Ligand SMILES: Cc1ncc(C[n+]2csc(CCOP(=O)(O)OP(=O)(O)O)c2C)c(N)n1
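There is one chain below, alone, in structure tokens, taken in the form predicted alone.
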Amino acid sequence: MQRYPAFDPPEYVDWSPDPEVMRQFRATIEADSGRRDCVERLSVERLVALYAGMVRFRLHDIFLKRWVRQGVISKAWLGTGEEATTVGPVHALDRGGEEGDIVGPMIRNAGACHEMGMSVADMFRGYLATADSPTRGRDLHIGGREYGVITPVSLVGSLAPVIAGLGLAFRLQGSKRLALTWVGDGATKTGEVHEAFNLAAVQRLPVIFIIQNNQVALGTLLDDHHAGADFSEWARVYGAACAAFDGNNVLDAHAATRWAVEKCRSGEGPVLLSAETFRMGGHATHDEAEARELFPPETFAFWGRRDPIGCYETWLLEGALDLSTGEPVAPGSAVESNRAVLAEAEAAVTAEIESAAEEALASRTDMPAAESAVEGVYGEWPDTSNPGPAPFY
């Protein structure tokens, strides 16, 4: 994909595939027969959609960073470097809107919103706080029940019990639907996350929790808040199923989540997945310099070589499938035709993002009226002649 020197992390600007990293990328898929079979069954349309989804997520973040530089917004929370951890799992779900599966993203999982069907223009409007934004200007945390997206919560981890509650509702309804959410490595130290894990396990709920270990909680390094080796075995404490996946390998993320989905649909939930990944920036755009000071340059270089989009693009280009025909070929023999297919997908996504940004910026002429601040805040008793006890707010 095209690189943007003004906005991409420096490790991504002149990115080229590292032979050892690509060997590991391929070996990860081959290591588990179930995941390998899942990947081999993916259609060309799905393979390209995974690529387009990650590019869409990356460009969404780049446009937000551009707006910060231009003074349009003050800051943004980005998922650069973690696109695979979001896009792979979402594409493993039933994205059927109000009747499909449910996701509860963190703000750094913004890619889940557009991959579940939300328009990028609406996502941008959320940051601009316009009257026609999904929250009508109240908050940049956005969601939509019609898309199956539960609005993120600023307190990372607070959504875990909400997702467990949805799983309980699905089980009581006899539904095959399931709910999925991401939990940051730092948020694993909050009580409500453990309560959600425990409730889901005791009640055998159709819920998938993904621990998104990006090696740092705000500005606290993983080693300063976590004594264990990793998160891959955490679910065993609760008596639940668990697995780990490479958070920078979209195919591994997708296949691991498909396995978790099948377990949940068959009544064997919940499943706790752990993803090792890294955010290539600060907690938000205002502290990118501090993030660079937290880690040695070697850490950014290590994860920079593992750019999830670059690695997946290389795998597609050099793979044994001609993306233009869907036919199997000798590995590496369809590089040019595959490059053309991916370039077309990237061009379409780029045009989509540019149009969405223009549409959202045009909405700034319609800012929320002051009196709208109290709309939808207070509830009313349906029967005013018999109100019952006074409501508690």
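Note that the coordinates shown come from a computational prediction; the quantities given were computed from them, not determined experimentally. The first residue of the shown sequence is 1; numbering continues from there.
The form predicted together with this ligand exists for this protein as well; it is not shown, and the discussion that follows is about that form.
J.: In the predicted complex, which of the listed residues (140, 90, 159, 216) lies with a heavy atom within 4.5 Å of this ligand?
T.: None of the others qualify; the residue that does is 216.
J.: Which one of 155, 320, 237, 202 is close to this ligand in the predicted complex, taking close to mean a heavy atom within 4.5 Å?
T.: Exactly one listed residue reaches within 4.5 Å, namely 155.
J.: Can you work out whether residue 184 and this ligand are in contact in the predicted complex, taking contact to mean some heavy atom pair no more than 4.5 Å apart?
T.: Heavy-atom contact with this ligand at 4.5 Å: present for residue 184.
J.: Given that this ligand is not shown alongside this chain, does residue 254 nevertheless sit within 4.5 Å of it in the predicted complex, heavy atom to heavy atom?
T.: Output for residue 254 is no: heavy atoms all beyond 4.5 Å of this ligand.
J.: Find out whether any non-hydrogen atom of residue 108 is located within 4.5 angstroms of this ligand in the predicted complex, and reply yes or no.
T.: Judged by the heavy-atom cut-off of 4.5 Å, residue 108 is in contact with this ligand in the predicted complex.
J.: Would residue 283 count as touching this ligand in the predicted complex under a 4.5 Å heavy atom rule?
T.: Although this ligand is absent here, residue 283 would touch it in the predicted complex, with heavy atoms inside 4.5 Å.
J.: Just one stretch in 302-310, 93-101, 186-194, 259-267 has heavy atoms within 4.5 Å of this ligand in the predicted complex, so which one is it?
T.: In the other structure, the partner sits against 186-194.
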